[in-house]
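Just so you know, structure 1 and structure 2 below are the same protein chain in two forms, each on its own as C-alpha cells.
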Structure 1
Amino acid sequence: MFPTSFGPWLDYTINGLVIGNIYALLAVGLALIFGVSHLINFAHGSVYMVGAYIGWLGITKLNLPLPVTFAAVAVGCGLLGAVIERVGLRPLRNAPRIAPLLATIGLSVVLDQSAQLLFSPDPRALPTQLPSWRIAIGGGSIGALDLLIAGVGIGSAALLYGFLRFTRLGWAVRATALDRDAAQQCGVDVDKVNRTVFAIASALGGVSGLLVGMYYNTIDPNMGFQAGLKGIVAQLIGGVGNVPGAIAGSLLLGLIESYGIALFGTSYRNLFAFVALILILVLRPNGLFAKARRLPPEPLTGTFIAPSRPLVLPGWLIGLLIVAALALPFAVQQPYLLQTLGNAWLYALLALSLTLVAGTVGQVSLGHAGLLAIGAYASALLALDAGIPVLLAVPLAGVIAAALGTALVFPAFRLRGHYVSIATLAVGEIVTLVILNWESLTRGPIGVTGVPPLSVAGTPLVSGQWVYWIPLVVLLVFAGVQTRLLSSHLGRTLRAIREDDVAARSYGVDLNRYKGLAFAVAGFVAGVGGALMAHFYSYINHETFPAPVSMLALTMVILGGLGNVAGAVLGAVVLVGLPELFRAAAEYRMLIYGVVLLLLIRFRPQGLLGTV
C-alpha cells in the first residue's frame, strides 16, 4: 500500500540516508582492506558487533560520556583489527587467495560465538544518551541521532580523505593499493600498511556498530552477520576497492531498503539487498561506479587445493567399516546415540554435495544450506499439501532442489574469484528470505508443522534404528555414485575446470554446462538430505537451515579433504557426531567449528585424508 502523503516518503528518505551512512562506515573499511589486500573480509561484521558491545559497556556499565565511548570503541576495534591482520591473516599472505577469505569466515565465527558465550545470546538495550527532540521538515522529521550519524559519516569521510591525500602513510596506502609489489620495491612497509588499514577499517566498523545499536536501541551477538553482508553488498554496488563508490553504493542501498520497506513491509528488507547484489554481480560485476572495466580476477576457488597425495583406504577396510556401521544398531541399544549418528549421516550428505562443487569443480559455495532448505520444504509440502507419498516426495524434492539450485546459481557461473563465493552466499540468503515471506506456500515464520515421517505400508519408521539406518544407506548409495563419477571422464573434466578453467575452455570444455551438471548433482544430494531432515524432525521453518550450516558444511569438507568422498563423511562424523556426544561441549560447538577451520587453513589445508 502506497503512502498517501509526501511526509512519510521524506521520513523514508531520511531513514534510508541514515542507514546508508552507517553502511558506508562498513563499506569504506571493506573497500580499504580490499584495496591493499585484495580480500573480502567476512570478519568485518563481527568487528561491528564487538564495537556495539564495547559501546554498551561504556554507556551502561561505566557511565562514560558519549564522546569517550566513541573513542573507546574506535580504539578497541582498531586494536582488534590490527590483531586480526597480524595473527589471523598475515601468516597466510603467501597462501592461495582463497585461504585468507576462508580464514576471515573462521574468525567471524570465533568472534560471534565468543561474544555469545560472554554476554549470552539475549538482546540488550543500548540507550542513546541524546535528547529526544526532532525537527519537523516538510511533513517529515530529523532527530538528534540522525544528525549525529550524518555528522559521524561525513566527518569520517573527510578525515579519511585527508589521511589518504595528505599524509605519508596515506600515500603508502594508495601506492600499495595500486601495485603492492612495486610499492614494496620502493621501500614501502606493506605489513605496516596492512596493519594500519585493518585498524582504520575496524575502527570505522566498530563505530557503525555502536551507531546502529543506538539507532535501534538493541544489540545482540548475531547482529554482525547481516551487517557485514550489507557492507559487502554496498561495496560491490560501488565497486570493490573503490572508496567513493562504496559511499555512493551504501547510500543507494539504504534508500533501496527504506523504500522497499515502505512498499512491501519490514520482512522484505534484507531480500532487496541480496537481489540487488545478484543483479550487480550478473550485470555489472565491477560495480556501478567503476571508472573503467577491470580485468577479470584470477581463479580464486580452485587454487586452494593444496598439493598432496590423498590417503587411499584399501577396499577391504572400506568394506569392513561399512559392515560395522550397518551392524552398529544391533550392538548399541541407545536411541540417543543412534539418532546422533543418524544426524551426522544427514550432514554427511550435505558435505558430500559441497565437496563435489567446492573440491572437484573449485566453486566454493557459501550458501549451500539453501539447497537443504529447498529439499526440506519441497518434500514436506508435497507430502502435506499434494498428498504425495513420503517415499516419492523425497526423491522429487531432490529433483526440485537440483533444478532450483542450479537455476539460482547459474548466473554466477560466468563469475570468477571472490564473486563466486559471494554470489552463492547471497543465493542462500535469498532462499531463506523467500521462505520467510512466501506465506501462502511456506507458512512464513510459523513454519511447517506435522511433517509426516517416513513409512512403509503404513508403518512409520521413527525408531532410533531407522533414524540411523535410512540416512546411512542413502549416504552409502550417493557416496558410491560420486566415487564412480570422480573416476570417470566426467570427473576428470570437472577437475580440469578446477585446475585451470581457461585451459579447459581452450580444449573445448563448455564450462557452464559442466558447472551446471555438478551443481545439479550436488543439489539433488543436498535436496534429498534436506527432505530426510524434514521428515525426521517433523517441523521446519526458515531458521532450521541458517547460514552457519553452510559454514559448518565448508568446515567438514576442508577437514576431510576437498573433493574427497571419504573425507566428507569423516568431517561430518567429527564435527557433528562427536560434539553432540559430549554434551558438556554443546554450547561451544560453533566456537569449536571456527577454531577448527582456522587451524586447518593454517596448518592442514589438504585436510585429514588429503585432496582428490
Structure 2
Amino acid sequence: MFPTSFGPWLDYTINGLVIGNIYALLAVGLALIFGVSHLINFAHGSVYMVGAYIGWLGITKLNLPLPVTFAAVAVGCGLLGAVIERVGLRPLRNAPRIAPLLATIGLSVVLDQSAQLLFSPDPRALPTQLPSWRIAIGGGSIGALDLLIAGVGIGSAALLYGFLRFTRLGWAVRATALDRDAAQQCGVDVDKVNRTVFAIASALGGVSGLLVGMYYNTIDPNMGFQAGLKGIVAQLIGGVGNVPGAIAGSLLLGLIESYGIALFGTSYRNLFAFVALILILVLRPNGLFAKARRLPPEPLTGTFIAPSRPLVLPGWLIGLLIVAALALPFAVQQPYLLQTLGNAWLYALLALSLTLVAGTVGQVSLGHAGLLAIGAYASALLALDAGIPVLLAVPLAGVIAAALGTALVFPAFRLRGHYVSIATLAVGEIVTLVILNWESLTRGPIGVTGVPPLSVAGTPLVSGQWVYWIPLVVLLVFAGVQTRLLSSHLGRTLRAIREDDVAARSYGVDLNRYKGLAFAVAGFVAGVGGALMAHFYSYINHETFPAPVSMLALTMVILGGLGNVAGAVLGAVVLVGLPELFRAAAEYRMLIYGVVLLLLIRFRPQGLLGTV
C-alpha cells in the first residue's frame, strides 16, 4: 500500500499543487481583506458562491462569451463586495472588532439562503467552454482549466502587488492597513480604501467561484462554507494579511493534504491538514512566511472586546425570572415549547462555557462544538461500554471534556488574537475527525446507538418536563458558579489577561495556568451539556455536533454580550427560539433569521446585555 517508488509521489505532489492552486484563489482575497481591516471575512465564501451563480447565468442562460462572463462576474461580485462593506461593516466601524466578524457571519447566512431560494438547493452543472486537451504529467494529467486557475491566481497576486506598490490608492490601502487612525489623520479616505479593498477581494472571490464551479462542473448554494474554511486555513499558514504568503500557504496546504492521503488514506486528509495547521501555528505563530522582524500582534486591549458598561439585572428580577422559568411546566403543558426551551438551556450551557473563554479571558474559540462532542461521546461510551450509571457518567464526561479539551487547546495558549480562533477551529475539526476515524473506540461513522436515557431508580426521565427541567437546573447551578467566579479575584485575573496579557504577566500572573483553569471550567460545563444531549438524543455520530454549531455558540455569546452570564443564556434562548419562531415562514425562515441577526448586531454591537 505504501508507495515506495518515485512515480506515485510525483503524482501526489502534482495533485497537491493543483488543489492548492484552487485554495489560493480564495486565500488571496481573504488575505487582502484581513490585511486592511483585520477581519476574517466569513462572507467571502458566499461571495464566491454568488460568483459561481452569476457565471452560471451567463454561460447557460445568456450564452455569453467566456471573457464577458468573467467580466460580469468580477463586476457583479465587486459591487456585492462594496455593498457588503457599506451595509454590513461601515456602520460598525466604531464598534468592537468582534461585531463585524459576526456581521460577516450574518451576511453569509443571508446570501446563502437567498441563493437557495432563487436558484433552488439542487446542485447544477457549470460546463466549461475551455478546450479539453490535457497534458500528461507522471501518471496523471493537467488540463487547460488547471493552467487558467494558476494563471488567475498568480496574475491577480502580481496585479495586487503592483497596485499596492505603485498606485496612490494602493499606498492608501497599505497606510490604512498599518494604522487606520494615522492614515485618516493624513487625509486618507479610509472608507474609500475599505470599499476598494472589499470590491477587489470580492471580484476575485467571485471569479474563483466561477473557475472552481467549472473545474468541478458543479455549483450549489452551500459551496461557500467549506471553501471559505479552506481559504482561511490556507492564508493562516502563509501568515494573515500576507498576499504572496497566502498563495504559498495554499499550495502548501494542498501538498499537506495530498501527502496525508498518500500516507494514511483518504479519510485522514483533513485530520492531517488540521494537525499540520496547529503545528505550524505553534512553531511559527505569525505564519510560515511572516517577516521575522514584524511587530507582535497588538494585544486585544479594548479593541476586540466591546468597551461597554454591562446591564446589571437587579437581583429581584433575576430571582423572579428563575422562579418563573422553574414553574413554567406547571403553567404550560406544551411539550413543543418545553422541548424548545430545553434545547435553549442545553445550548446555554455551551454559550456559558464559551463566554468564559471568549468573553472573560478573550480567547475566542471557533471549535467549541468539539467540547460538546467529547462530553457526549464520553458519557455515552461510559454508560454503554463501561456500564457506569448515567447519573455518574454525565459528571465524569464533564471531567473528561475538561481534561481533553484543555490538553488539546494547550498548544494554542501562546497564540494571540485571531490565531487562537483558528487554532480552536482546527481543534474542533480534529475532534470530529478523530471520532470518525477511531472506530474501535467511537464506532466511527456508524455512531453510537441506544444511548440510555437519564433515569432515577429505574424510571427514565424522558417526558417533556424533564427535558426542560434537567438542563435548566444544571444551567442555573453552573451560571451561579460562574457569576461567583467572575466577581472573585479569579475573575479579575482572567479579565486582566484579556485586557493586556503583557501587563498581566508583568504583575506575576501565570498566563498558562489561568488560561488552563478557564478552559477546564469551560470544558466541564460544555462537556456536561454534550453528555445531557447524548442521553436525550439516544443516538450520536460525528455529524451531531458539526462546525456550524461552534459558529452558533459564538453568535449566542456575542449577541448576549461577551463574558456576560445572563447574556449567554439570553443569546441561547433568542437563537434557538428564533428559527422555531419563524417556522411558519418555511423556506424563508433562515433568511429572516440572518436579517434579524444583522439588525441585532447593527443596533446593539456590544451585545444585548453588554460586555462584562
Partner chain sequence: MLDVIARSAALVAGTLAVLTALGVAQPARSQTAADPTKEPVVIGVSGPLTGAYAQYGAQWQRGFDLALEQVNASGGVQGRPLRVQFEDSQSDPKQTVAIARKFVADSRIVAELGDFTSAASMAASPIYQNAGLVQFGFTNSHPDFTKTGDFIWSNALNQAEEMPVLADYAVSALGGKRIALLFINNDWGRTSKDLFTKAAKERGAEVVGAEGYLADEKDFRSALVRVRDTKPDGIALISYYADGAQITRQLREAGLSQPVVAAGSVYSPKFLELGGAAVEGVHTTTPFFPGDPRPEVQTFVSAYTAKHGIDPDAYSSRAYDALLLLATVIRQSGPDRKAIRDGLATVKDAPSVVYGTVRFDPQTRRVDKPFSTRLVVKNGAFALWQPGSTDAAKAAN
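Here, residue number means position along structure 1's sequence, counting from 1. Basically, rigid core = biggest C-alpha set you can superpose within 1.5 Å across the two forms. None of these values were measured; they are calculated from a predicted model.
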* Asked: 1 or 2: which is the form predicted alone?
  -> 1
* Answer yes if the CA of G319 moves 2 Å or more between the two structures after aligning the rigid core, and no otherwise. => no
* **G51: Cα shift of 2 Å or greater between the two structures (core-aligned)** => yes
* Return yes or no for R168: a CA shift of at least 2 Å between the two structures, with the rigid core superposed? => yes
* **After superposing on the core, C-alpha shift for P131 between the two structures in angstrom** => 8.6
* Structure fact -> Cα of P221, core superposed, displaced between the two structures by (Å) 4.1
